[in-house]
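Same protein, same chain, two forms; see structure 1 and structure 2 below, as structure tokens.
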Structure 1
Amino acid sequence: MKLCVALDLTSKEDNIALAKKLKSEDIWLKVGLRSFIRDGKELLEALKAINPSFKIFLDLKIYDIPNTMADAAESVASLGVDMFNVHASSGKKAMSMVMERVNSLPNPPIVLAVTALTSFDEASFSSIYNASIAQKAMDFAKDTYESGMHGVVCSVYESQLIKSHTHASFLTLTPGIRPFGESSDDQERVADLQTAKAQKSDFIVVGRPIYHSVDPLSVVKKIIENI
């Protein structure tokens, strides 16, 4: 299991300062929409300059027509990121085209698909997909697997089940982790490290428990010792 630290601070400088504090560690850094739209490629380069061994997950959740997604995937891969994601609801044709394009490149990154956004409640989800979240998330995970993608972004509580319906090596990346039972903040369904381990999560995403701590490095070290 790998730790992926969410760089969700409000400025480029703050995100870089956090990465500098964590530069000794074997971790992944998650760069999301806000930071990437604002700070772009320069931020990614600055992070790699701090420690070339940092792995970068560009969390842009791409969703468009198949050809546009494949083009975008190629552009993302050319940034040198180690992992990025798309929406599984873009469909198997789009995801297969993304993988065909990515696999034709020299150093293909890991590609994941988001199953169901965890912000949905059952009623709002069903008004779009006419299905329960659990059912549709599993259908999306199977589509993702059959499209040749490497894994999914999912709730920690679905990780094991998704692997049992696809393949044990199919990756799961799970946000909403409160490693040692910290405050859940605005997350609805949080899980601690033990649960993430039991659920065989491959990547845990942790944001606030690290960057709101007075000593982010010691929290990261403690997480790594326990995974």
Structure 2
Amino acid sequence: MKLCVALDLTSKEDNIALAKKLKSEDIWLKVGLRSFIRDGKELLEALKAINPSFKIFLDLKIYDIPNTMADAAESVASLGVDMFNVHASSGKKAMSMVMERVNSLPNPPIVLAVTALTSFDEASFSSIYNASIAQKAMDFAKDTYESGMHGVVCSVYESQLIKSHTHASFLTLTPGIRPFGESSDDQERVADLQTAKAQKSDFIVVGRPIYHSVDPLSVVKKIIENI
């Protein structure tokens, strides 16, 4: 299991300052939609300059027509990131085209597909997808696996089940982790570190419990020790 720290702060300078505090650790850094739109490639370069061993997950959740997604995937890969994601609801054709394009490149990144956002509860999810979270997440995960992608973004509660219906090596990245029982904030399907371990998550994403702490490095060290 690897720790992925969410860089969701309100400025480029704050994100860089946080990364500098954590530069000694073997971690992934998640750059999301707001940070990338605001700060672009320069942020990615600045993070790698702090520690070239940092792994970067560009969390843009690409969703468009198949050819546009494949073009976008190629552009994302050219940024030198280590992992990025798309939406599984874009369909198998789109995901297969993305992987065909990515696999034609040197040093291709890991590609994941989002199943069900962890901000959904059952009622809000069903109103859009007309299915339960567990069933639709499984359907999306199977489509992702059959499209040749490396894994999915899902809640902790679907992780082990998805692996059992795909493959043990099929990656699961689980957002909404409150490692030691912190507040869930705007997430619905959150879990602590022990649950993530039991559910065999490969990557856990932690944001607020780290960057809202007065000592982010100590929180990161404690998470890594418990991993």
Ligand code: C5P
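For residue numbers, the reference is structure 1: its sequence is counted from 1. The term rigid core refers to the most C-alpha atoms you can superpose between the two forms while keeping them within 1.5 Å. In this text the structure is predicted, and so the values were computed from the model without any measurement.
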Subject >> Pair member which, unlike the other, is the form predicted on its own >> reply: 2
Subject >> Flag for residue 121, CA shift 2 Å or larger between structures 1 and 2 after aligning core >> reply: yes
Original post:
C-alpha of residue 130: shift of 2 angstroms or more between structures 1 and 2, rigid core aligned?
Top reply: yes
